[in-house]
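This document opens with one chain alone, in structure tokens, the form predicted alone.
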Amino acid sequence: MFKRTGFLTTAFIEKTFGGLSLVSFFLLTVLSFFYYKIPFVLWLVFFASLLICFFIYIARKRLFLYVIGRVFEAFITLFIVASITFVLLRMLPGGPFDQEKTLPPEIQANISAKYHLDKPLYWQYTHYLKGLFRGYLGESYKYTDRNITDILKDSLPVSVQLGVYALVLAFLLGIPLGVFSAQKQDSWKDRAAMIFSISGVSLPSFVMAPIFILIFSFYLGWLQPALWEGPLFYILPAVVLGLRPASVIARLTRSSVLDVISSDFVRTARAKGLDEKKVFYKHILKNAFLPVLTFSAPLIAGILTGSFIIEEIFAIPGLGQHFVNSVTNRDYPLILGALLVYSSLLILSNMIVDLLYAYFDPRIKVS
């Protein structure tokens, strides 16, 4: 009896802090969208409640060793990614300071000495790794006297802000649309919802973006076509970036709900006389969310680091824009820094999704 009570108490605390983190996340999103200054207390509540909920969850599921192992694997993966990328960049023909107009040999030598490009490859590699372990990502070749950490601090929050808006739109639109379509299976409403989903998947973002700009900016004059300076600037890029994943989520949700409806445990729940809403939301929808959860890991990492095309089209000063320019300019440290950020987010989102599997389906054991 004592253990059962303790379990219920722990579960109640976990759900309380989980709900608090969701509410604070919603407030953060709304305040940032309407360009209000976010109080520090709200950030503190969000991160504190999220961490407490996370630690209670892994303690209740006894996943400490699993998380430690995944964190160790993450460092190994990032080390491999950084090493391979470093070597491949140096193997490419040409150099970061090769231009149409050849620089005098003295200037070329001074620039190479400043950035240690005159050193042997093994020396450059060990020097980069030493800085990486200290948290120093190097200086940009293109943006003089600016280190990569400062560039990431300025650009990453913008990409994250855009990504959060797109993710919220994708889940709030995709999941209800998929559920609605599954409930109205083989009706005209189902077909209309799936036509919308197929259109969203088929049309690439670089096609939707100019169409939306023409309609809502130039013809109607409702929204701003570019830059990132307030709510009217946020809507178009967030919608264009979020429509495609929303369409994929809708199709995944529909097919998954239809698969779960025909399961034995659903028929058993209905045979016991449970309320249809309880059967749907507690048994069907919870289990149908697993494929969506699997799709969420690369989706979150990809969107949060910013869509290169969307940021270029809408002139958004995010990480994607810097990543494109760094490849063009052969800015090795900036390429490595942006790639490590993307890899870290991908690894983190995959680990979180793996941990959430056990929550949505207790039959799955994470070990």
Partner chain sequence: MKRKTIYQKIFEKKVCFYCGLFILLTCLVALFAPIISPYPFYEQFPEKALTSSSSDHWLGTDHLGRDLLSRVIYGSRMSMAVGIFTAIISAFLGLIYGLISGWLGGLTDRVLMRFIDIMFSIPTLVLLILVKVLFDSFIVISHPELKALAGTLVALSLVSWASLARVVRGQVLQAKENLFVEASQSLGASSFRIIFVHILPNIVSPIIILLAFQIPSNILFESMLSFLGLGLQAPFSSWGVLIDEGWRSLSTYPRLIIAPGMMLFLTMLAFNLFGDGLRDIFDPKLQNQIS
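Positions refer to the first chain, counted from 1. Given the structure is predicted, the values throughout are model-derived calculations rather than measurements.
The form predicted in complex with the partner chain exists for this protein as well; it is not shown, and the discussion that follows is about that form.
Put simply, of Val239, Val266, Val168, Leu203 only one has a heavy atom within 4.5 Å of the partner chain in the predicted bound form, and it is Leu203. Proximity to the partner chain in the predicted bound form, defined as a heavy atom within 4.5 Å, singles out one entry of Tyr219, Phe133, Tyr281, Phe75, which is Tyr219. Here the chain stands alone, but in the predicted bound form its contact with the partner chain, taken as any heavy atom within 4.5 Å, falls in 207-215 among 207-215, 121-129, 182-190, 168-176.
Contact annotation: Thr149 falls outside 4.5 Å of the partner chain in the predicted bound form, judged by heavy atom distances. Using a 4.5 angstroms threshold between heavy atoms, Val324 counts as touching the partner chain in the predicted bound form. At least one heavy atom of Pro93 is located within 4.5 Å of the partner chain in the predicted bound form.
Put simply, Ile84 is close to the partner chain in the predicted bound form: some heavy atom of it is within 4.5 Å.
With respect to the partner chain in the predicted bound form, the three residues Val164, Arg270 and Leu348 uniformly fall beyond 4.5 angstroms at the level of their nearest heavy atom.
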